[in-house]
Ligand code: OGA
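Heads up, the chain below is alone and in the form predicted on its own; it's given as structure tokens.
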Amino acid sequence: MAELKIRRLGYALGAEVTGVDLRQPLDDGTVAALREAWMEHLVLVLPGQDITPEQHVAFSRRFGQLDPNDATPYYRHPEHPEVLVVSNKPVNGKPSETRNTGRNWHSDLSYTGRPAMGSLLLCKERPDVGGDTMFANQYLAYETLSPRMRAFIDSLEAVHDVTLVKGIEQRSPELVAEIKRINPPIAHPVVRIHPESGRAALFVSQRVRHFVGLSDEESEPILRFLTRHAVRDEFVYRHRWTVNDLVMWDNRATMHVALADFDQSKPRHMLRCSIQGEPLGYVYQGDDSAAAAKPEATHRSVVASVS
């Protein structure tokens, strides 16, 4: 078993892990120790991992079934569909479709019926300065709300909409139409119970259209407050990338944003594997009457049982 060294990087979340070489097969004890650290710190940084896509996929699979990236089938690695290419490097002489990926606060694949459980992003090229990623702890976002606000949102559902992905309009109209067809709006609980920790986490983002049963006008101030609260400074860790950093985060308890704080003519090239999450939510048809007719949503009772 590898002797891991773990160093906290932020108050709210984030830790650096050294003492492991992902080019080598890992024993079960090392994987278990990494998973324990991941659940505690939510974001792990493994520096100096000069690995191939095959090794990236093999390591990621130790934590669960990988998402095949069917929600965004245009940006996959040509030999490894489990690997999403996030890059501003031109493709066939044209601007990359993923050059502005992740520019608003979000949890990966929240606009699908199986939001990502976790993501593992490998940095292959980076600009001289900038290109940072920020992460926010959504356990703290929920737990620091007032009891009255928690009681209000415990049974709410939010409509996640792929068209709110920042920069999507910069892609070709045909591509945008196909992405919308593959990913219809989907309603998820505003409060999620983490299946491993049992803790409640806020699950809203800048990719939410409105709340089920509330109009856009009613939803807007509540959503504005929650999304601003969710990323308060004291909940955030900012990662400054180094080439061959592998950063893994738990999407069930975090949000993140990729900052455009760099010279866009400089390359920023990343590879991401996503671990498939449990089924969640339902396709939103735009008819709130059906949702209103459901029994009191179980999310609130589950929250009460673990609080």
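Keep in mind the model is a prediction, meaning the values are calculated, not measured. Residue numbers here begin at 1 and follow the sequence given.
What comes next is about the form predicted together with this ligand, which is not displayed.
A residue is said to contact a partner when one of its heavy atoms sits within 4.5 Å of a partner heavy atom; residue 272 meets this definition for this ligand in the model of the complex. By the criterion of a heavy atom within 4.5 Å, residue 96 is excluded from the residues contacting this ligand in the model of the complex. Under a 4.5 angstroms non-hydrogen atom cutoff, this ligand in the model of the complex has residue 249 among its neighbouring residues. Among heavy atoms of residue 106, some come within 4.5 Å of this ligand in the model of the complex. With this ligand left out of view, the stretch that reaches within 4.5 Å of it through heavy atoms in the model of the complex is, among 250-258, 53-61, 275-283, 27-35, 250-258. Checked against this ligand in the model of the complex, the candidates 145, 193, 186, 86 yield a single residue with a heavy atom inside 4.5 Å, and that residue is 86. For the residues 219, 72, 206, 101, the 4.5 Å heavy atom test against this ligand in the model of the complex is passed only by 101. Contact annotation for 121-159: residues with any non-hydrogen atom within 4.5 angstroms of this ligand in the model of the complex are 121, 133, listed in sequence order.
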